[in-house]
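Single chain ahead, by itself, as structure tokens, in the form predicted alone.
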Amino acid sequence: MEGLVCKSIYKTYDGRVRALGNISFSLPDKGIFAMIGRNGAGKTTLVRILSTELIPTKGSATIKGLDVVKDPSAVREIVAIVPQEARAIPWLTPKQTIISYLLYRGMGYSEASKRAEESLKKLGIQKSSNKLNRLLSGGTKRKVLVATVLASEAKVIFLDEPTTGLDPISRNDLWKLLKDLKDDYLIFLTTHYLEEAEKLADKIGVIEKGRLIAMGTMEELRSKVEHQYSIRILGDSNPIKTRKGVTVKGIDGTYQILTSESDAFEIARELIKKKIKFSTNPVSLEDIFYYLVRKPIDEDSGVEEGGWR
């Protein structure tokens, strides 16, 4: 069963500024989908349309067969969203936060209280249920927001850059939680953390300047790039010359050779003979993204213009 379908979605502001252009894709009713792109690429605009906060200029979208424009009230019954700017209200406790949200959605107090307790336990933060949100760690505050949407009856959850500002440990905790949930929910997340999308998502979409330029599993995205393997030389000099791929120099002085699988083995043998330390892996999502958009997500990321031409 299709969980979410977009057909030729356009969004233009003031009749002049195009935020989205011809976005079309479909997703199953369970699993994790990640939309990646730079800041301003159109990720949040798309989420706001799909969660009925914005009306598209053209096109249509359905969630579980319900049209997001023609039947927004019914769509809101089955979706929940944690916006990028969402924060747990400081003077409420996690339990109060969830109960307030569920009451707003029309649930009775008794049922809301029961669901709040179940959701907090599911996320492993029941011991903090009666602490003020302002006293919680950043990671726990984020978990409170996720617990809030999980406590609803929604089966489609939108998370707009859910780990922005989290420390690495809190981010990994949230990743594990989302993986545990994907068999029961369709989780649509946006992120500019490429590692996050690579580790979590069953399918990944790449959006650039409002256009969906690629979509698929990691293996399907790898098939779109010229070079399938990456060799990283662990040093500040390039000990070999090769015409069997592309060599990219990083800001830290290390070198990366992007090449085919067969040529990667040949280059690796040469490096072993020279006793040079290196690592070999299939190209990462960062490499793929750079190839597809021709420049890094973060203009200050340090990847030199010169590779992936």
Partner chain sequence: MGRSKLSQIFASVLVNAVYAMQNYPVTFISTLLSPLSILIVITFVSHGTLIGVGVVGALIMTMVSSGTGLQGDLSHLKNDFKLQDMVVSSPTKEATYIFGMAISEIIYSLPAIIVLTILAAIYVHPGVLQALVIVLIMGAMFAFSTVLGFLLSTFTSDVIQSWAFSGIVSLILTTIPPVYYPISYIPVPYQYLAYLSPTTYGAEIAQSAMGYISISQLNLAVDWAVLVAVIAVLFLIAYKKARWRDP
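Numbering follows the first chain given and starts at 1. Values in this document were obtained by computation on a predicted structure and should not be read as measured data.
The form predicted in complex with its partner chain exists for this protein as well; it is not shown, and the discussion that follows is about that form.
For Ile257, no non-hydrogen atom is located within 4.5 Å of its partner chain in the model of the complex, even though that partner is not displayed. In the model of the complex, its partner chain sits beyond 4.5 Å of every heavy atom of Pro168. Though the partner is left out of this view, Arg105 does reach within 4.5 Å of its partner chain in the model of the complex, counting heavy atoms only. Put simply, Leu54 is close to its partner chain in the model of the complex: some heavy atom of it is within 4.5 Å.
The chain is drawn here without its partner chain; in the model of the complex, the stretch among 177-185, 204-212, 81-89, 190-198 whose residues come within 4.5 Å of it by any heavy atom is 81-89. Heavy atoms of every residue among Lys11, Val68 and Thr148 are located within 4.5 Å of its partner chain in the model of the complex.
For the candidate set Arg76, Arg232, Lys122, Lys224, a heavy atom within 4.5 Å of its partner chain in the model of the complex is found for exactly one residue, namely Arg76.
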